[in-house]
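For reference, the chain that follows is the form predicted alone, supplied as structure tokens.
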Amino acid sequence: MVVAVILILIVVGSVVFHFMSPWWWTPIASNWGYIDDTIIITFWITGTVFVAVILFMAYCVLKFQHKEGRRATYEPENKKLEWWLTGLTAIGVAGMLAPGLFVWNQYVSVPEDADVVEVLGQQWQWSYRYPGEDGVLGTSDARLIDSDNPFGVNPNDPNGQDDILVEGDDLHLPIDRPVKMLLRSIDVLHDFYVPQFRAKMDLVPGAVTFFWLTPTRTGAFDILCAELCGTGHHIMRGTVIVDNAAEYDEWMSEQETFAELAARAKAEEKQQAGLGTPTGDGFEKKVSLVVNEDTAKPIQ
């Protein structure tokens, strides 16, 4: 009797905790409420099975408890029961898989009018690339990445010259506009995850993964890396800011393009490499002061 009561209390406590738990959903900020629905369906199916199994155990403990002189009946198989269990299990598994497959198909079926943003993951920061006025991202190659070209944009691709580069800063998205997120890693496996968007996807080195979403609330939301990517994994965080149209356009106008970044890097390289900077009469004269050890007077 004690064991049966304990089992029943486990069922009651689990159900009450499920409905009264403080660790419930974070507020959603995108169109992916479907993902919450699939998780709830999974909870109902697995929860029903959990309750049924525990209550069946409690019933068996009471019904078939030990009594002097009672002997168990040996029944190695029961085809009727096996068919029932197989059928119910198949229905339960299909009930959990079918909604997920339906939502996954939507998750990767990008609308034709979606904007495009590339997310670049590396140990241990997030960077982003937006198409410029032409609306097309330039090609890129990890072999082209260096200090002057952190995204590996192909300098010979005209579509990449006006690409807008945001390195190690916030990701900005416009509200109520679908956006396709292209995900690329330049070192190890990462995972782009925004809990309020109900959106996450692995960044696989050597491949480009993607999903799409439509932000539905303005505000700032945390970006997390949901894949162990090294000793700095815990600090690989970022922020996505959902702006209204005016704020988004204003922010976009302040960003630097790949062509501007390349020109600035080339100018700095020339300035550092030369002995002086070009002037109208040639190069500026460089003057060095050397201390004469004998006279301790500077000489030119």
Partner chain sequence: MANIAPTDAGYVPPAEVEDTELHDPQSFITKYIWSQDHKVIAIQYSMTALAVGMVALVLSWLMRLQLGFPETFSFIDEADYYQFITMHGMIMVIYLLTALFLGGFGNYLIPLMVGARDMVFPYLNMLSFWVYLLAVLVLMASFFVPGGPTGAGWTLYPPQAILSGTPGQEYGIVLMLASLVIFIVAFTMGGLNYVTTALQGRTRGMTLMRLPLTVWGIVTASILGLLAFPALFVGGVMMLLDKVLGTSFFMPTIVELGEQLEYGGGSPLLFQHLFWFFGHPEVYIVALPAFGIVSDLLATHARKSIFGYRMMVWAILAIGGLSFVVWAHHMFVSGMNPYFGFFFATTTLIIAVPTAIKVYNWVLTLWQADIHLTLPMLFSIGFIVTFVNGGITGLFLGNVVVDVPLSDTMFVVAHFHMVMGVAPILVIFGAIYHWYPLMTGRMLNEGMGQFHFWVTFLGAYLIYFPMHYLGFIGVPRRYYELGDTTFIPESAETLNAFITVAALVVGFAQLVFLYNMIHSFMKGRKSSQNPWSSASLEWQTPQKPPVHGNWGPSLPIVYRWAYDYSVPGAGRDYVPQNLPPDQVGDTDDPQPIGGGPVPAGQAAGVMEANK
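Residue numbers count along the first chain shown, from 1. In this text, all values refer to a predicted model and were calculated from it rather than measured experimentally.
As for the form predicted in complex with the partner chain, it is not shown, yet the points below apply to it.
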query = Is the gap between Gln196 and the partner chain in the predicted bound form 4.5 Å or less for some heavy atom pair?
reply = yes
key: Interface membership of Asp191, the partner chain in the predicted bound form, 4.5 Å heavy atom rule   = yes
task = Using a 4.5 Å heavy atom cut-off, state whether Pro205 contacts the partner chain in the predicted bound form.
result = yes
task = Flag Ile175 as yes or no: does it have a non-hydrogen atom within 4.5 angstroms of any non-hydrogen atom of the partner chain in the predicted bound form?
result = no
ask   = If contact means any heavy atom within 4.5 Å, which of 206-214, 132-140, 111-119, 162-170 contacts the partner chain in the predicted bound form?
value = 206-214
Contact residue in the predicted bound form, chosen from Ile28, Met252, Ala262, Val61 - any heavy atom within 4.5 Å of the partner chain = Val61
ask   = Within 217-256, which residues have a heavy atom closer than or equal to 4.5 Å from the partner chain in the predicted bound form?
value = Asp222, Leu224, Cys225, Ala226, Glu227, Leu228, Cys229, Gly230, Thr231, His233, His234, Arg237
